[in-house]
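In the structure tokens that follow, the same protein chain appears in two forms, which are kept apart as structure 1 and structure 2.
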Structure 1
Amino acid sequence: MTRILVLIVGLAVIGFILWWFFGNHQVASATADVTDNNQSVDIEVNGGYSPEVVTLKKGVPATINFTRKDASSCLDRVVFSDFGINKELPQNEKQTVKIDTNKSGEFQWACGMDMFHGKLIIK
């Protein structure tokens, strides 16, 4: 009986790990608000990025406002490698990142340790 119980618990743990790392999870997304030829989006950094996918309009100056709530040192920076941006995110302070929207496409951002990611879509 003990072997069966251990087998069931082991299979459940393996199933959870597979779901956690490879499952198709719902991702929060946002489209920037365009006002007076400027656009901006607010992102909360708390165990990841929310929203995780941001859509911007091409050719309109854009800012992304990050507010880090998480005390983890992993999330204390945000890196947009395609734009050459590596910015510190002090805890509980809004940090503005200006994005060049002249080129359309999909771009990634990540934390300083490259463990948490987001996607920027410019169209």
Structure 2
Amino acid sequence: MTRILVLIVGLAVIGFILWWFFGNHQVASATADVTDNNQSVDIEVNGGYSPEVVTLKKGVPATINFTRKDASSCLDRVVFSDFGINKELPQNEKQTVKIDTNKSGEFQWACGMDMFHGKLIIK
């Protein structure tokens, strides 16, 4: 009897994992505030990036500020492969990344191990 119960619970947990990780969930996104020909966005790094999708305005110099709260070495670097940026993020320190917004398009950023991703939209 217990074994059947365990089986049912186990299968339910599998179902939950599938729904939780692969289901369609809303992602936090943000648009940069433009002030005095400058735009900036703050991103908190904690088990991923929040916001995960950042929209920047084309042609306006942009900075993205990363603050890593997470102790995991998984997230200790942030890499923008299209911009040649690979920045170390010491824990609980605000790190500024300058983005060249002359080209519009969608770009990815990722952690040093390419496990976590964020999206940058320039338009």
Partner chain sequence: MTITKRFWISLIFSLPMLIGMILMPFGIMIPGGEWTQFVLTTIVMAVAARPFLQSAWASFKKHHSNMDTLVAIGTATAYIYSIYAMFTNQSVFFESAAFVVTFVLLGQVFEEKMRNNASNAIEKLVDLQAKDAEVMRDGKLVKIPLSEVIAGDLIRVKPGQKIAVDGVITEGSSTVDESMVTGESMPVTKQVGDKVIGSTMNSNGTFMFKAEKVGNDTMLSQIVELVKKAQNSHAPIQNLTDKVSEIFVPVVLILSILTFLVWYVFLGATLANALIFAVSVVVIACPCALGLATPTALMVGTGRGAKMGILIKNGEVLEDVNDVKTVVMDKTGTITKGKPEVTDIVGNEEQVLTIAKTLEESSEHPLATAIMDKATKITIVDKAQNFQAIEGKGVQAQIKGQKAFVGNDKLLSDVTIDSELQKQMIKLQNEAKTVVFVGLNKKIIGLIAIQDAPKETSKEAIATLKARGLRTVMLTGDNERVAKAIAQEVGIDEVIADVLPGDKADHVQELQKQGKVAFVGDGINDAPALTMADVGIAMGSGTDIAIESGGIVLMKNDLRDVAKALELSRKTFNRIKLNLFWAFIYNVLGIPVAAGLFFAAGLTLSPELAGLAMAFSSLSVVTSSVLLNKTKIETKVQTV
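Counting starts at 1 with the first residue of structure 1 and goes up one by one along its sequence. It should be emphasised that the depicted structure is a prediction, and the values quoted were computed from it without experimental measurement. Take the two forms, superpose them, and find the largest set of C-alpha atoms that agree within 1.5 Å; that set is the rigid core.
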Between structure 1 and structure 2, which should be identified as the form predicted together with the partner chain?
2
Using the rigid core as the reference frame, would you say residue 105 shifts its C-alpha by 2 Å or more between the two structures?
no
Core superposed, what is the CA shift for residue 15 between the two structures, in angstrom?
2.4
What does the CA of residue 6 shift by between the two structures after fitting on the core? Give it in Å to one decimal.
4.9
